[in-house]
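Before any questions on how it binds or moves, here is one chain, the form predicted alone, in structure tokens.
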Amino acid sequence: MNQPDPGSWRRTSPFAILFFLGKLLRDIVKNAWQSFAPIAALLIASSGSIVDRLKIGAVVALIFVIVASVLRYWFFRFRITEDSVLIREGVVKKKQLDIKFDRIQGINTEQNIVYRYLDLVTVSFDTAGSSGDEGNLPAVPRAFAEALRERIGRPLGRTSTTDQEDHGETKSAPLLVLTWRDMIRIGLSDKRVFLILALLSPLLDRLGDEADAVITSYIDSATQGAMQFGVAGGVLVFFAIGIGVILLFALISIAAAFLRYHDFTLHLDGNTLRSRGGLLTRHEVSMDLGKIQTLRLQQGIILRGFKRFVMTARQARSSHRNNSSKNFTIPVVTEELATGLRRRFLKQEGRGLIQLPTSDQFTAISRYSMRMPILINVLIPLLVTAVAYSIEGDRATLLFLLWIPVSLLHIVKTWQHAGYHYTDEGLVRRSGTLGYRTVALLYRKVQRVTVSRSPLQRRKGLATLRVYMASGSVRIPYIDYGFARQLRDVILYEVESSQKAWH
């Protein structure tokens, strides 16, 4: 199984059972109530103590998961034809996938610790129009995966030596190599770590009264100990505890960054973009440059301090839902590298586009975009405060008015960061509040353009332009109505006259 030549149906390595086991466990977690309902019914119907019944349930669940994983592996077959990958799978419900080479947008590989020792990988195919990975080949030899990538790449014009020379690219030097300092930047700027805080509350609720009593006792003892230092000392102790908690979650986030992006390298092989990285599980992601729909540059408040950005290339997807499997993410780049990568990715068509958010070439949207948000965020707090104060008569209700200056600052900053930049072949939309987000696109890849107007916009001669792509839509509100119509006509003309593919 070292060459992807056409032949009969074949199995993967028996170690693919690990892949099906992990996939089955993810499905069980995703559909927890439906998955555990039969086991719960069995526990209720059986006799004996709760401990014995839980043991029975655990044994039944373990046997089910193992047997199901083995059966999934046993009934899994695949075949490589001249122009497609055929996959047969399913135990009770049979399914056959026919993945054409010309529909494949990217070939990604994943290699866990066991597979790395055995030189096996799991190959996933990312195709146009699917909401995620359309098919997987688990536990195949790395040499087979590379040969398959080479074979699929040739029809797409991506990997031959001639193509690389035509594009002026070689495999000799990576475009980007992340260091341990970058891991720290990624970890500190990752907002997902704070989701752990949100998960703590329901977790503590499930611990029961006993755990609640232990925690309460600990807090009381900590409070009494802190107060022994006086009021100022107690405040410092609690402040130190708070800093310690923040540092703990920061370390967790940094550790997660090392796990995902350790030894991260970015290459451009011909017309194919590839990234490799990961500490325990090695991920290899690829994307054809011609498949890029939009190019996003994002900078949160922490990355602004580091003068770094997150760059994301988005492909076509089947719906407007955010699907990370359709994104090619470069977790941290400098301003200079972001500009260089954009020029490589969008090539000649994107040369004139400016995507760095601090550029003075962005055109601001109308100030009238702030009118309705200001009215809502001022009138509603005033009304609620007046009603609450008239009923309660408590001056503490006046604190609700603090929402007004906070919301006004948010509205003004959002307007200041909103803008757009355009050339004869592409468009960039800028947005954000504390940070920035810019989205660049090429006109020829647009699927639809609309110009809409609210009553306020009609009175002020303004409109909202919305550009629809295969990866989502980009909206530019409160711009001149005549300009919006003119830009719409330019985009539609470019779509109709371009001889290049949109995907």
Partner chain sequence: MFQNLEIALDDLPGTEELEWQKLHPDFVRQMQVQHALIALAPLAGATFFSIFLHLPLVPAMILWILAIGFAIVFVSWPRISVPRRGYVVRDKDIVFRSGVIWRSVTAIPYNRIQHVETSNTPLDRKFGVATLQLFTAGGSGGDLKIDGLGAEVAEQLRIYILDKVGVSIESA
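Everything numeric here is computed off the predicted structure, so don't read it as measured data. Numbering follows the first chain given and starts at 1.
Another form exists, predicted together with the partner chain; not displayed. Remarks below refer to it.
- Per the 4.5 Å heavy atom criterion, the partner chain in the model of the complex is contacted by stretch 463-471, the sole one of 463-471, 433-441, 57-65, 22-30.
- Taken together, the three residues 90, 111 and 143 lack any non-hydrogen atom within 4.5 angstroms of the partner chain in the model of the complex.
- When contacts are judged by a 4.5 Å heavy atom cut-off, residue 459 does not count as touching the partner chain in the model of the complex.
- In the model of the complex, residue 489 approaches the partner chain with a heavy atom inside 4.5 Å.
- Contact between residue 70 and the partner chain in the model of the complex is not found at the 4.5 Å heavy atom cutoff.
- The partner chain in the model of the complex is approached by residue 453, whose closest heavy atom lies within 4.5 angstroms of it.
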